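Take a look at this single chain, the form predicted on its own, given in structure tokens.
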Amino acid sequence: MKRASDFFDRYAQWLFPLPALLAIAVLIVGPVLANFYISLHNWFIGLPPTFVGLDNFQEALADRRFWNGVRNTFYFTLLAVPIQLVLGLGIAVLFNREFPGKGLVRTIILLPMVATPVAIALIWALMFNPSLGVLNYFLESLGLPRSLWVANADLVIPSLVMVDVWEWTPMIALILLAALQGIPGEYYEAARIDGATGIQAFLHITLPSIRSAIVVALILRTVDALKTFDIIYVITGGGPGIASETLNVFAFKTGFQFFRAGYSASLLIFLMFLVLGVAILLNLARRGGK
């Protein structure tokens, strides 16, 4: 017993994190390595794989549909995340004040965040229906022309962004609200005594105080938006044509509709490095801003 106790005391710094390291190896590193191995093969599901080296990556770089997926991925992300940040900040500032029914309103606004993404996508698909959807009913009630929404190649990405904004703005509001509640009230009291207006207090006290929380929310939502799959695939399947086909939707269709597992794996490797690169750049920007 004493020898076992001595062993654990001597190697405690390695033994305690070992379960976590094993879990990371099994759940993260293993699938990534397996995906990379598959990407090096020309593998039609159901047939034996053939080693082709980096041919799948070269094919992707010359594939017009790959670049369309990259463009749509960034278009969706760059449109959705800024809108969510602005609306989330506005909601957080509102909920940082006292007003009647605040608890009920806050609960209602946070509901989209806890709903199932596929269920949300199905409901919005019905709402987008050009003939029967409630959105066109509202437009007609306001005297505006009907819209094709996700059936229009020019409107499909903004329409999908609307769904993403509706679903994930509450999460940003929640993060920023927690940061706002940590700002000492004395700061605002001192600013008011010095004659600062509400806008000046917001610009010079509120925003600098919650800058770290804003950057964290920006990183979390950007990484998640780059990977968005469920609402896009359920509502449009990447259509009309390939107008809303993001990189991961293209990879899914390549793997499970065209059964090209090797090429699909190479697309996902590109997506992984794309997300990783954006996350590293945002993190470097956060550190540089300190």
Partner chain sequence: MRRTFTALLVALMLAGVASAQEFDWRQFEGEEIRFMMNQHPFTDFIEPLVPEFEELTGIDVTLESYPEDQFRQRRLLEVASGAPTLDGYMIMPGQVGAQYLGAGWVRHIDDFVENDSLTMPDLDLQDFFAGALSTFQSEEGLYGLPLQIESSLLFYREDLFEEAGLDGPPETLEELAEYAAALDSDEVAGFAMRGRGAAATSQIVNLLYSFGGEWLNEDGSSALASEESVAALEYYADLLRNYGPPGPTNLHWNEVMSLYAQGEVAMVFDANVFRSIVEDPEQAIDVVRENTRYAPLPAGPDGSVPAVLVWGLSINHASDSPEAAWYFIQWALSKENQVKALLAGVPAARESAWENEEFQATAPESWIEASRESFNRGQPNWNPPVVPVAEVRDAYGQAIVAALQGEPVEPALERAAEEMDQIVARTN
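All of these numbers come straight from a predicted model, not from anything done at the bench. Numbering follows the first chain given and starts at 1.
One more form of this protein should be noted, the form predicted in complex with its partner chain, which is absent from this view; the next part is about it.
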Original post:
Heavy atoms within 4.5 Å of its partner chain in the predicted complex: does E59 have any?
Top reply: yes
**OP:** Evaluate L148 for contact with its partner chain in the predicted complex, applying a 4.5 angstroms cut-off between non-hydrogen atoms, and reply yes or no.
**Re:** yes
**OP:** May I ask you to check whether S39 falls inside a 4.5 Å heavy atom distance of its partner chain in the predicted complex?
**Re:** no
Original post:
Does any heavy atom of P184 come within 4.5 Å of a heavy atom of its partner chain in the predicted complex?
Top reply: no
Original post:
When its partner chain is placed as it is in the predicted complex, which of 148 to 156, 72 to 80, 98 to 106, 209 to 217 ends up with heavy atoms within 4.5 Å of it?
Top reply: 148 to 156
**OP:** Find the only residue in L33, L47, V26, L54 having a heavy atom within 4.5 Å of its partner chain in the predicted complex.
**Re:** L47
**OP:** Go through L132, I123, L144, L203 and name the one with a heavy atom inside 4.5 Å of its partner chain in the predicted complex.
**Re:** L132
Original post:
Even though the chain is shown alone, can you say which residues of 225 to 255 have a heavy atom within 4.5 Å of its partner chain in the predicted complex?
Top reply: V234, I235, T236, G237, P240, G241, I242, K253
